[in-house]
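Starting off, we have a lone chain in the form predicted alone, written out as structure tokens.
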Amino acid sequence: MALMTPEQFEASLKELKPRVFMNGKLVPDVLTNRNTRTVVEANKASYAWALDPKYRDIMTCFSPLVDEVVNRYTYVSGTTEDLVRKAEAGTFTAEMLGTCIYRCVGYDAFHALAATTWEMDRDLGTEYWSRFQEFLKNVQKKDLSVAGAMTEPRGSRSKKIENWPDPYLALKVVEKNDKGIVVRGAKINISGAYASHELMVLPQGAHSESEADYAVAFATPTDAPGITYVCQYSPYSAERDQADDLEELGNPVFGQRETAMVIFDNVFVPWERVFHCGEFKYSGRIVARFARTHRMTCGGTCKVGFMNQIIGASKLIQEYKGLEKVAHINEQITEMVVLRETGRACGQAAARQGKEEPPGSGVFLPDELMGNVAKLNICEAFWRVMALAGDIGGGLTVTMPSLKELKNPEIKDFVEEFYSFGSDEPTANILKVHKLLQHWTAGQHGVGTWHGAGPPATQRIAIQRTVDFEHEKGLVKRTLNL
């Protein structure tokens, strides 16, 4: 098949029965719940774009692994050009959705596992790479949506895992037999897994010999026995639950990014789906390779797409209010553009300076330094863009009435009059654009950007480890003839 239609994707989800809880209640069907449905719609869009002649160059590529054209989100980059296309796809999907494309973490996990399983097979004589290749073939042929899971609850950071009172605050292998492994624990802050076909699980960090049971990576169907999803729930979730009209929301179709805690209660994983188990020296390599790939994604690609939405809304509001010639607003929008393009440049540099790692593996990863710089830069930049947009949008961004007032016969005419700002634009449109800015500037995106792919401290540590300053010191020594 190689490329699934949006209709086939939705039909395939009907065959899955994930155990999902939200707001203290069981979610019987992720396709009909208003909040989980946004994840379905976001992933569904990626299938539509892959078949659309306008977008297929971004969303598809040829895979030698299956000798077919496949969705880009099922592919492992084999050249720097692939990385550049990956970056472009990240921006495209973000600006089109205004939220996450929930296939990106699995996509980045593919890169980390392809590189490290090849290395383990070479060094240790394991069979992980061949297993992973077979798994990836199946993903590509069936065009499966794969979510990724890394972050764990974890215990006190001042103690080793063996000294935690609860050994399952990190995902642990509790049994091995001739058929596979059994794992127990949880992953948290996991984006959209319940509306995907597969879940790719990675270790969160490097491990020592005494922590070998935590050194595990595998794939599992999202509805495997023993897996339970406990979904996020916020005022924005409640708003979507209760909205009479989804037009009332800042992003009616795709919503906020939806995440869940994923509980693994003695989940069985067959050996053919296990790609790392006990080789503790390689856990850190999986994590580092995932991080450098995902930080390019989070820093230099998807947030650029989000900024495009924010800039577009700010520009529309400027025009609605007749502020096109106001100097400080033009300066603010220019600053937004500079921040956006700085993020884009970092992402492009990370892709274009990427290289094969390990040599001989055929896997290309983004440049580690630029990937971390991209993410670190975007943390500050995105907050700044939100602040600038909030200033341009004004108080109405957080004080606007319900759109239902436009259907209220008692005050409809007043709302139409006083929120039109003398513009020829329909008042409903003016309010909707302000609602979109509310969605961005007063929603969950700031903290999500700060912590997605790791908080800024992790990027600073990675940069400190990456740069050895020998080149810089050598320049000074040459200049001064030292």
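For every residue, the number given is its place in the sequence shown, counted from 1. It should be emphasised that the depicted structure is a prediction, and the values quoted were computed from it without experimental measurement.
Heads up, the form predicted together with a small molecule isn't pictured, but that's what we're talking about next.
Novice: Which pick from H197, R240, K172, R257 sits with a heavy atom within 4.5 Å of the small molecule in the predicted complex?
Specialist: After the contact test, the surviving option is R257.
Novice: Of M150, I317, I310, I286, which one comes within 4.5 Å of the small molecule in the predicted complex, counting heavy atoms only?
Specialist: Flagged contact: M150.
Novice: Verify the contact flag for G443: yes if a non-hydrogen atom of it lies within 4.5 Å of a non-hydrogen atom of the small molecule in the predicted complex, no if not.
Specialist: G443: no contact with the small molecule in the predicted complex.
Novice: Please run the contact check for I190 against the small molecule in the predicted complex: heavy atoms, 4.5 angstroms, yes or no?
Specialist: Close contact exists here: in the predicted complex, I190 approaches the small molecule to within 4.5 Å, heavy atoms only.
Novice: Indicate whether A453 is a 4.5 Å heavy atom neighbour of the small molecule in the predicted complex.
Specialist: Yes - in the predicted complex, heavy atoms of A453 and the small molecule come within 4.5 Å of each other.
Novice: Using a 4.5 Å heavy atom cut-off, state whether K160 contacts the small molecule in the predicted complex.
Specialist: Contact with the small molecule, no.
Novice: Can you pick the stretch from 443-451, 24-32, 54-62, 420-428 whose heavy atoms fall within 4.5 Å of the small molecule in the predicted complex?
Specialist: Checking each option against the 4.5 Å cut-off leaves 443-451.
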